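The chain below stands alone, shown as structure tokens; this is the form predicted alone.
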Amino acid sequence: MAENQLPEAFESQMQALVGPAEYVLFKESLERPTQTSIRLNWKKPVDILFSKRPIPWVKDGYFLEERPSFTGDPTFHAGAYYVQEASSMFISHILESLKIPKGVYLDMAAAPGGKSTLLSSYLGEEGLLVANEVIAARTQILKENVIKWGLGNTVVTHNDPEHFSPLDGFFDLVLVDAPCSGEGMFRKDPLARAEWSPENVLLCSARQKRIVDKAGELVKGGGYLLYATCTFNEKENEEILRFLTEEFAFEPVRIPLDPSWGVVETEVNTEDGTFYGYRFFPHKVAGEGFFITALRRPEGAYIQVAPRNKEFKHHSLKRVGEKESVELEQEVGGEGTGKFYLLQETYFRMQGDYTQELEKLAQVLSVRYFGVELGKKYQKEWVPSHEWALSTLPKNGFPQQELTKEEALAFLRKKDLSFTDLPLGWVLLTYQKLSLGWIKNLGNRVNNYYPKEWRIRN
């Protein structure tokens, strides 16, 4: 089959789904260029100079008139925005329109991090997000994107769905962005067409049932489950929704829509009522293919509360005492609610309202990152981490140096830099007032501490 040719079985499937006449429009849409879109980080405001227009279902999302070189934009590396497909930002509309309570959220298949950073922004300082990735190789990019986003309310984990068994009834919201056959990516990624087959659809459906069979148990009473795919077929969408309602007690959730958006609402009739799904077709919306459904756990369902332990015992993580935590919070410049942990000699800060949840998670899951890594401290001098630089926490006591775009790109390439009248010691470099990272002025030379593995290579 030619790379751009659609599989015959897929064409038959789509004609049955949308009808022969509408299928002509759908097929034509797959040959049109994709639209690049971004979502702004409201905690890192900056003037975005790209020509853009708003995405109607998310307040911080924009379509770009053309795709720029993000690699050459220092504000991208500073975490001022995330390049995310527009249809998937519909999650923001679900959160805002339903006013879903903030608390402990789980993104079960989180890499590379678009939906996790969206959930992180919604939670702000009023919640805790667990961003989990099953595939080890993808965990690092997830961690990097969480660090760049910088809000410090996220725990990055690397676990199989089965590992979450001790956390039944623990989460206020669980998002399953399920691995799927990728039909919604046929326009964006023509190679996805060659990899598609009816057999792969069935394989994906079986995998999705295994994932949601665990995810359904993790939602606490009154909490929400969001299930999403980037595919069109009913086996991976409506049938999974039906499977969920047969396995668990859930209540239907209907999302308000503006007809002008072009989002198609679908219904699944069950013994417990009519449940709703929302499908994005590329001939109807200015985005790629996407499906999402929301379900609510009944109030009477099980709720697990993290215990308050006087002592926290962990093989590598140590809780910092109350007195030292207060002193550290004053040094860092936080607002008095931070709690601190030591991983070997490195300090981490976590929002104080969710430390007992963090400690429960650390005892159950493989934690790869959490909160904000601050760095090491020798007597009264900090050796600050790059993670602290990119966080939205204050950097009290450190001088700052604003860079031109050329200087910022040189720093991001880990080139040698020279300045006049630069204070000795650690200096925070900024671009458009956004933190980029650290240098250390030794007097006779300046050391560039941008992470080697993050540097721009072109």
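As the structure is a computational prediction, the values presented were derived from the model and not from experiment. Start at 1 with the first residue shown and count on from there.
Here the subject shifts to the form predicted together with a small molecule, a form of this protein not shown in this document.
Interface membership of E373, defined by any non-hydrogen atom within 4.5 Å of the small molecule in the model of the complex, is ruled out. Contact between K209 and the small molecule in the model of the complex is not found at the 4.5 Å heavy atom cutoff. Not displayed here, the small molecule is approached by G113 to within 4.5 Å at the level of heavy atoms in the model of the complex.
Although the partner is absent here, A109 is a contact residue: one of its heavy atoms lies within 4.5 angstroms of the small molecule in the model of the complex.
Contact annotation: the small molecule lies within 4.5 Å of heavy atoms from the stretch 128-136 in the model of the complex, the single such stretch among 128-136, 72-80, 341-349, 166-174. P179 is the sole member of G216, P179, P384, G334 with a non-hydrogen atom within 4.5 Å of the small molecule in the model of the complex.
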